[in-house]
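Single chain ahead, by itself, as structure tokens, in the form predicted on its own.
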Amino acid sequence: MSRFSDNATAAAKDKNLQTALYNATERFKKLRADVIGSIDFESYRKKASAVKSDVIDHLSYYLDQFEKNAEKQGTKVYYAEDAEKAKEIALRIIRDNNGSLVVKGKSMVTEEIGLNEFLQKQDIEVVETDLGEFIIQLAGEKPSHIIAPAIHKTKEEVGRLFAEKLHIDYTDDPVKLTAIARKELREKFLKADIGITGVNFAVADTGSVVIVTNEGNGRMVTTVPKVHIAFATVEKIIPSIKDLSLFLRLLPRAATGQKISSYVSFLTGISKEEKKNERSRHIIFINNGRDAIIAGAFRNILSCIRCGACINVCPVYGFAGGYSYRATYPGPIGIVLTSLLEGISNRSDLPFSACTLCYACQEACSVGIKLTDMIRELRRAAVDRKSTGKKLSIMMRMYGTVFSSPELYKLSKAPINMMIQKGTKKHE
């Protein structure tokens, strides 16, 4: 139980981290608040929730439909039950195309399966091209946020990192730092054999892969190398192109406070001309434990569209940062997903130590996932399985007894009220 708490305590004492987290999350919250009123948010998220619930209920049908329509247009579709199988498929595609240099767009699922490390062990160079991912790759770190991987770094830290790793003069000017990264990456784009991306939405009725980004790197990764490999967890399916317009209104508003993202790429098959030039597109759908989640009480967690809104409003994340969670997915969404994917008995620290049950995440969720309710249920499951340790288990049962009885609750408040009164008199 002490692991998250210890990490969060250390994070709260890191002044640079606190500055970076505050600046970024407050900015995201303000931007979101400025644009969310331009749509009927409650109506939109109810519709989005209904669409995603339908997908989860009929996942096999939509996956089959996507495969049929995608392969008609030249995209090759693969299914991987777990991380190891997904990596093996990717390696085979790379080897078959004599690949040695991979440029990557932002992808959390490739972080989940450890793709970069796997390919590098096979002597394949992997270069992250999203600016945030490029920064943390230089630093030898992992993403600390699902949409802003380098949210934990100040511009001064990035400036020092670039000066050390890229052997340039120090600058902390964001415009100059971006230009430096662009120059470094341009050569990689032109030399790369393989482009790898994640997927925001996989559209069943057209067989299209949709990627939403705010940098031009996504377009470069999917068009300059001859081979494009897209990784998607199975729940990234949506039924139709009509549904896409709904999600494209929700996602950027919730994620970055934009009415629309800078780049929305529709990738549908391979043209005859591209085939002549030996170009190919592949999509690897990954299960990696999702079937077990679908069969359980927390199945609607797979409705998540990875907007990151729940993370930005979470008061715990705002102090603890992403690394305190020791997981691919941080914040409220990470508490639930990590507990389900790794087992509540292995990660019982998260539902307790990483959540105040304030309900901010549940109110912010773009698709109406009952995140706080799920976290409370995970607490109950951990106590029932005695995964929390004797002291915490006893303490939580005592809390349950006290808070379920108005009389006991009133008695429990008496000592606190006395302390408040004493403190007030002292200051008077």
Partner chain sequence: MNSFDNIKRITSEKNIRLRSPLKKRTYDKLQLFIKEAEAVSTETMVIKRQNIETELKKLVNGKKAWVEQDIFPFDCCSTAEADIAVQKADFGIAETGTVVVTSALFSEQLPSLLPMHHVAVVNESDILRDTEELFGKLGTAGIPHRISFITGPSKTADIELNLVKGVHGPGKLTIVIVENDEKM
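Residue numbers count along the first chain shown, from 1. No experiment lies behind these values; they were computed from the predicted model shown.
Below: the form predicted in complex with its partner chain, not depicted.
Q: So if I measure heavy atom distances to its partner chain in the model of the complex, which of the stretches 92-100, 78-86, 261-269, 315-323 falls within 4.5 Å?
A: Partner-contacting stretch among the options: 261-269.
Q: Can you check whether residue 12 is within 4.5 Å of its partner chain in the model of the complex, heavy atom basis?
A: So residue 12 does not count as contacting its partner chain.
Q: Residue 273 near its partner chain in the model of the complex, any heavy atom under 4.5 Å?
A: Judged by the heavy-atom cut-off of 4.5 Å, residue 273 is in contact with its partner chain in the model of the complex.
Q: Does residue 385 make contact with its partner chain in the model of the complex, using a 4.5 Å heavy atom cut-off?
A: Output for residue 385 is no: heavy atoms all beyond 4.5 Å of its partner chain.
Q: Evaluate residue 29 for contact with its partner chain in the model of the complex, applying a 4.5 angstroms cut-off between non-hydrogen atoms, and reply yes or no.
A: Because no heavy atom of residue 29 falls inside 4.5 Å of its partner chain in the model of the complex, the answer is no.
Q: Its partner chain isn't shown here, but in the model of the complex which of 342, 205, 71, 164 has a heavy atom within 4.5 Å of it?
A: Partner contact (heavy atom, 4.5 Å) among the options: 205.
Q: Looking at 373, 363, 64, 54 here, can you tell me which has any non-hydrogen atom within 4.5 angstroms of its partner chain in the model of the complex?
A: The residue in contact is 54.
Q: Residue by residue through 354-375, which ones have a non-hydrogen atom no more than 4.5 angstroms from its partner chain in the model of the complex?
A: Residues within 4.5 Å: none.
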